[in-house]
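What follows is a single chain, given as structure tokens, in the form predicted on its own.
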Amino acid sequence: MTGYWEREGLLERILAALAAAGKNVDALTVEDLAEADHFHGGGKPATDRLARRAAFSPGTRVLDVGGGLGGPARTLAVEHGCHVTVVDLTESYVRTGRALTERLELSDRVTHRVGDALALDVPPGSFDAVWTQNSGMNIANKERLYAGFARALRPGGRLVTQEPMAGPVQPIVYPVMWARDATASFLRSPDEMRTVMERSGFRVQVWDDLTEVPGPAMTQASAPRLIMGDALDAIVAAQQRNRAERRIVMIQAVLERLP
């Protein structure tokens, strides 16, 4: 699946797009980068909403699983005082994310490394929060995924998640952002996902359906456009139908790891 996501020259494309949009690429801020480094549904506004629901305290140790280019991680570091470890399976995203973090002089608060969400190489109980936005759609074994999240968290730690899930109308319309067809897409309904999470040792604190909340407009500097290119047009059209017809629903949730 990494072949679907890998992109070379991402850093150069991002910086060129930001420069064309009038940003000073030699003095970038988290806000300057937001359009280009939040590669998930809802962009930075969705990250901001989820972070408010999580109510992080300064110094919170966060494991960002599937953190891509690192936009959410840098946001959590700068705006909420968190220390964030980003893990992503796609090497080009990790390289690009690390370079952007260095540009913003945030390497003391945000680190990036290649890793598999199903085999997290972290000590048990070493994080206060696991953060994940739109990262589990290609993963069939949800039980193993959430068991790994629980293992990474200390008792009382929180799982903070945003995830597309299967709506009441099926099947979904392809292509979607994460898959050209059904062979690489593994969505479950909100009820099924909630059951998996609870059986993995979590208790739900927040469970919000944001399907009808509009996302930011796409521009040439938007992360989806920079990564997906011309393929994005068909994806957006399918996405609009999937959400309008409730084939896909978008859930944000905060859960507590039980002792």
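The first residue of the shown sequence is 1; numbering continues from there. Note that the structure is a prediction, hence the values are computed from the model and not measured.
The discussion below concerns the form predicted in complex with a small molecule, not included here.
Which of 230-238, 197-205, 31-39, 50-58 has heavy atoms within 4.5 Å of the small molecule in the predicted bound form?
In the other structure, the partner sits against 31-39.
Would the small molecule be touched by all three of G66, D116 and I139 in the predicted bound form, meaning a heavy atom each within 4.5 Å?
So, yes: the whole triplet contacts the small molecule.
Give me the residue from A150, I172, A129, L89 that has a heavy atom within 4.5 Å of the small molecule in the predicted bound form.
After the contact test, the surviving option is L89.
The small molecule isn't shown here, but in the predicted bound form which of T101, S135, S185, T75 has a heavy atom within 4.5 Å of it?
Result of the distance check: S135.
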